[in-house]
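What follows is a single chain, given as structure tokens, in the form predicted alone.
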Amino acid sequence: MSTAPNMVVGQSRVARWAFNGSVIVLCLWVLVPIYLLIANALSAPSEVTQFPKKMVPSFDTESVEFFLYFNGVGKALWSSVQVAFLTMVMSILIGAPAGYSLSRFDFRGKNAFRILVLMTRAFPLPLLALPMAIMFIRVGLDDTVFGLALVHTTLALPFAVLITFSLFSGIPIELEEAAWTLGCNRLQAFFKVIFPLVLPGITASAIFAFVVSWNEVFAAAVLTIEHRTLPAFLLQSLDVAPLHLKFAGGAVLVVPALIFIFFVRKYLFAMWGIANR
């Protein structure tokens, strides 16, 4: 008589151990490369290729300092910040209204439009590089921060539209209708009732757009010369550099994005809560 309950308890325990093990493996998969990158960046040049490697680095900042004072790094870093910020702003200004419209209005071709928005990611960027470069040269957007931000916005926009669409869809339209009955027009109801509820999700979508722009390298390498972003600069300058400088450059690229995400992580968690209501 007690066999069935024991089997259920055993299966539950196995499932819990499997889940915990999967979480640990996933965390290690993400954190170990980041740790090795930062540890090698903070090690002396002679320690980078040392084996066995010490678990705690010597905190030698020679490689990082050399990289930061290398000619062109500061300009490339500033270009990355500008492009990522513009991409973040334009993605939200275009993507949030589109997501709201998809969630609140019914129109012919709505489902096809959603698919087309996602299909923009189906075209490989290298295939579009030559015609895009020619078009940018003709309109005067080549080698500009704004031109590169437009390309990065195109890459981030499908995700911004779909994320905001799911957020607005999770909020009952009855809340807006109640605001309308109390004298608000559609715009006032949006900013007074809906916007505070979706702000964490919109912020998370903006973070995603920022990270997409920060890590993108191909368009920056093709479309810019004087205004190269940090990833494109690293691709150009560190190809034949010593290994310790490559680690230093990678750390300089990764750490600012990690710090940015750390400070806004509460919005990511808040978005997860909204999406699951």
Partner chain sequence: MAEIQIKQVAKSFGKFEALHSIDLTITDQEFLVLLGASGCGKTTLLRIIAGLETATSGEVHIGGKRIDHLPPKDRGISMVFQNYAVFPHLTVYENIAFGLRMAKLDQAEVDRRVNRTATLMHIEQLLQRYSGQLSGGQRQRVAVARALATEPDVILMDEPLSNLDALLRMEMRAELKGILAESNTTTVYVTHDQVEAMSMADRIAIMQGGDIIQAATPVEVYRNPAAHFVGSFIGNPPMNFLPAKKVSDGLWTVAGAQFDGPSSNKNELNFAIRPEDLLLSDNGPLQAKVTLVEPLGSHVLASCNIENNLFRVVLESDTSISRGDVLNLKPMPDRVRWFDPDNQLAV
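Residue numbers count along the first chain shown, from 1. In this text the structure is predicted, and so the values were computed from the model without any measurement.
This protein has a second form, the form predicted together with its partner chain, left out of what is shown; the following refers to that one.
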Answer range among 72 to 80, 199 to 207, 162 to 170, 175 to 183 for contact with its partner chain, defined in the predicted complex as heavy atoms within 4.5 Å: 175 to 183
In the predicted complex, Val193 touching its partner chain (heavy atom, 4.5 Å): yes
Distance check, Thr144 to its partner chain in the predicted complex, heavy atom within 4.5 Å: no
